[in-house]
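A single chain comes next, written as structure tokens; it is the form predicted alone.
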Amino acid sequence: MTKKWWMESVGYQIYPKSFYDSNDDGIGDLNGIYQKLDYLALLGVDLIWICPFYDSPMDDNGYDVRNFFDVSKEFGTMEDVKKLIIRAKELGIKIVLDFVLNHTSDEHPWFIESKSSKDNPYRDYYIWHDGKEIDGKKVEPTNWGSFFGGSAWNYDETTDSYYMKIFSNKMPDLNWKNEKVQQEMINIAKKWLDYGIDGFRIDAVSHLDRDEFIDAKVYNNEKYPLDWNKFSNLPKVHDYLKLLNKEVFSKYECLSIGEVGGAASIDQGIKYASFDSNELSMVFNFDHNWCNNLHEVTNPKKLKTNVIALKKVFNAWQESFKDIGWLPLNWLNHDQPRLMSQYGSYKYPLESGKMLATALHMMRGTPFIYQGEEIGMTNFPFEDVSQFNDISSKSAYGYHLEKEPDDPVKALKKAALRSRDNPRTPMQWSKETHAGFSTSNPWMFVNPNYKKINVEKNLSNENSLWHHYQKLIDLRKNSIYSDTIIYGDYEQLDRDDENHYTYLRKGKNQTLLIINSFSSKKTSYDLSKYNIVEVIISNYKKQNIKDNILTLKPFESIVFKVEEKS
């Protein structure tokens, strides 16, 4: 295995619109990130992934790019980008940017040209179809559904045609079969790397290919069924990524992380990001994000983690990649519910938060923290659909309301539990007005618990969740256990235990035993197979061990250095 710089890094994801507002317009910006770089360095992270700040109409908060070589006015200027890169390098922090390959904004010059006429040179930059006739009426080319609801096609009257858009109407899909599109995206990547960034998180990377334009099977009388197999993880995607690797990634020794949605299997993940795939450095997967009863409840306090399912997911990816690739480690990103609301405990927030941090950070891979995770931020308590900003959350509300039109409260609660707005509320820096994020009204509601949960309060308390994250990062990067934590073997234990997530990390001369309780009650764990050498980190001050039996308090988490008995 060739060791790369990103294997020894700890990442931090920034959603710039919600991170920190430096000019008091209510919107986070690049200078806000610049001003908080010292905070990130203090935490110990040395790699930041910044979500899109490119020029955009903001239909999907920046993922609808209008100009890849300019900055949206809300976020600043290209000079701010350059200043940010310079300061980050001074602090030893590398920068990864979101790279949106699947689509552009409908306001991008390419699309404006593309829709102007059928013989325009840019026409084939996007996926166009004349549609079909049913009973004398013109309809979409296929019945394929969009991720954001409705059809995956949108009609444009200029040329009496449909363009494909698997996300919103304002995000037309690029036609990657066109070699000119391939070269355009290669040029964009090279230019940003030449600016001094260190790599890309590649958005929606699994969707670059399309199946034959044949209708999807219909279930439950849905007009537009969402069939991932029509545009996810299809063969040509790998050809395109090999080209990007050959022309860009390999030449710059940069980090490339793919977002592989579309129900990507482990086998598909290996195709994308094994050491010899010649495609990507790593892939984010989302299999671990939904290991609870989320679809069965409307009351967030009734969420229950399926610990066995969660362990099965972690183990499958860890085992599959142990000799042939590398994994990013993350609990959530800007599209998933807040960790503390998804898997944490309302009754034991500090203990469960520390346990969840330990469970993830002691695994093999590169950890990523999503902004606010390190202080225990939670989901927003939505009380009305008007509080939704995210386009997919609004669509989800409409979907649930259509299913049960007499219960709008239930529709709201269901949409709220999974809403992408949950992780996008402004970062809670202090107990000051608007959580110290801005002195003006923020672009999105601040979580009302900000006086209780904020950075300032965490920094002032050495027993806080933030300090636990800092200790975990320091253990990984600066301790005698670093090599074992980063490169050591991973061995999951007690796979059928529904209360505990336990595993070993084995280095050349060290063995670490990691025990994490997901129970709100006292439990016990048999330590008779081990000689305990020392406690490396724990979320409780004292451990209760008697006759080789460890009594675990609610959500207790311990990392032991051990010797295995023969």
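In this text, residue numbers run from 1 along the sequence as written. Everything numeric in this text was worked out from a predicted model, so none of it was measured.
What comes next is about the form predicted in complex with alpha-D-glucopyranose (GLC), which does not appear here.
- alpha-D-glucopyranose (GLC) in the predicted complex is not approached by Tyr34, whose heavy atoms all lie more than 4.5 angstroms from it.
- Under a 4.5 angstroms non-hydrogen atom cutoff, alpha-D-glucopyranose (GLC) in the predicted complex lacks Ala435 among its neighbouring residues.
- Using a 4.5 Å cutoff between non-hydrogen atoms, Ala273 does not count as a contact of alpha-D-glucopyranose (GLC) in the predicted complex.
- Mapping the unseen interface onto this chain, Glu259 counts among the residues with a heavy atom inside 4.5 Å of alpha-D-glucopyranose (GLC) in the predicted complex.
- Contact annotation: of the candidates Lys115, His334, Lys170, Arg476, the single residue with a non-hydrogen atom within 4.5 angstroms of alpha-D-glucopyranose (GLC) in the predicted complex is His334.
- Interface residue among Tyr343, Phe382, Tyr163, Phe148 relative to alpha-D-glucopyranose (GLC) in the predicted complex, by the heavy atom within 4.5 Å criterion: Phe148.
- Looking at 37-45, 522-530, 505-513, 60-68, the stretch with residues near alpha-D-glucopyranose (GLC) in the predicted complex, meaning non-hydrogen atoms within 4.5 angstroms, turns out to be 60-68.
- Residues of 413-432 lying near alpha-D-glucopyranose (GLC) in the predicted complex, listed in sequence order, are Arg420, Arg424, the criterion being any heavy atom within 4.5 Å.
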